[in-house]
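Listed next as structure tokens is one chain, alone, in the form predicted on its own.
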């Protein structure tokens, strides 16, 4: 006689376990996303109960706005530099801190990871005071004219000041991810390559890099998204100035909604930003997935 089966099927059990996460995702992500798309086609000011549908006028106005185009150039430049330097520096640090030749590796890892536990606004405010009060004094003491004044007040240097701070804090998590990826590479492959006379570069290109592709994909998505949506550092350090030289798309969206009471226009610009992030992510994943190896 077969035993009596009591309870739900396996598929039903799996569905119920995933249901809370799906509901949270729908409420906190899908709901606001579709609400933003809805309001992007209106002239809502964010306060009144009445508004009119203007359909695609906000999008047309956005693409004809010289200020928005300038913010796109700044945001793309910032994103490229942030992604490049964070990826390269975090990979170099991961390789160094994964080496057995380095003593006190855990202490160094903790030191480099420390900035990640600080809030972005806090970091921005701290470095804003450093740039305002410390850097000019050091520049005057060393006789360096370029550093004798606050770099954040110079339209030609403000970008690099913000970029330095974002790299300083943003390098921590990618470094940890790369260390985890390096530890997943089978050591016998390195031993076989050594016996075959492979150079360090050949080992990295043919063994290490293919195994790091999944990690690299995650790092690039995180940094591209962080660059395209950057807001906290700029808000805390320059407010978009001097002039509009450091105004990002994220900061412009904030100003449109809360400064100019043009929530419809700000929503349209945020929808365009969402589409840009999605396209960058899809293209990057489709390219890097062809370069990796199947680790199953």
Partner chain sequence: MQVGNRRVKMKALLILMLAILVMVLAACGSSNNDGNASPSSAAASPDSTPSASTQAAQEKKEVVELEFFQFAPVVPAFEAIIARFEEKYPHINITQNNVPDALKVLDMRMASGDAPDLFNLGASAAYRNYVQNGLIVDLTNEEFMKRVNPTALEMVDYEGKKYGMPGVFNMIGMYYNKKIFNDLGIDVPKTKDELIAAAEKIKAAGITPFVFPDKDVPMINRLDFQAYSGVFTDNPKQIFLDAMEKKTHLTESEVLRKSAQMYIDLRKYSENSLSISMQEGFNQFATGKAAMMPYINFAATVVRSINPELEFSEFPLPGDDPNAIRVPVGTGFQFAISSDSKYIEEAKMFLDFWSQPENAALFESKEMSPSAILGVPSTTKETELMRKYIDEGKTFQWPGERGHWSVSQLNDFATHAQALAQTKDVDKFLQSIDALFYGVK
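Positions refer to the first chain, counted from 1. None of the values given here were measured: they were computed from a predicted structure.
Omitted from view is the form predicted together with the partner chain, to which the following refers.
K.L.:
Considering non-hydrogen atoms and a 4.5 Å limit, which listed residue (208, 150, 120, 79) is close to the partner chain in the predicted complex?
P.N.:
Of the candidates 208, 150, 120, 79, 150 is the one lying within 4.5 Å of the partner chain in the predicted complex.
K.L.:
Pick from 39, 68, 254, 59: which residue has any heavy atom within 4.5 angstroms of the partner chain in the predicted complex?
P.N.:
It is 254 that has a heavy atom within 4.5 Å of the partner.
K.L.:
If we take heavy atoms and a 4.5 Å cut-off, which stretch out of 103-111, 68-76, 213-221, 89-97 is in contact with the partner chain in the predicted complex?
P.N.:
Within 4.5 Å of the partner lies stretch 213-221.
K.L.:
Do residue 115 and the partner chain come within 4.5 Å of each other in the predicted complex, heavy atoms counted?
P.N.:
Close contact is absent here: in the predicted complex, residue 115 is far from the partner chain, nothing within 4.5 Å, heavy atoms only.
K.L.:
Any of the heavy atoms of residue 55 lying within 4.5 Å of the partner chain in the predicted complex?
P.N.:
Result no; residue 55 lies far from the partner chain in the predicted complex.
K.L.:
Find out whether any non-hydrogen atom of residue 242 is located within 4.5 angstroms of the partner chain in the predicted complex, and reply yes or no.
P.N.:
Because a heavy atom of residue 242 falls inside 4.5 Å of the partner chain in the predicted complex, the answer is yes.
K.L.:
Does the partner chain come within 4.5 Å of any heavy atom of residue 260 in the predicted complex?
P.N.:
Yes, residue 260 sits close enough to the partner chain in the predicted complex that at least one of its heavy atoms falls within 4.5 Å.
K.L.:
Pull the contact list for 111-147: residues with a heavy atom within 4.5 Å of the partner chain in the predicted complex, in sequence order.
P.N.:
Heavy-atom contacts to the partner chain in the predicted complex: 128, 129, 132.
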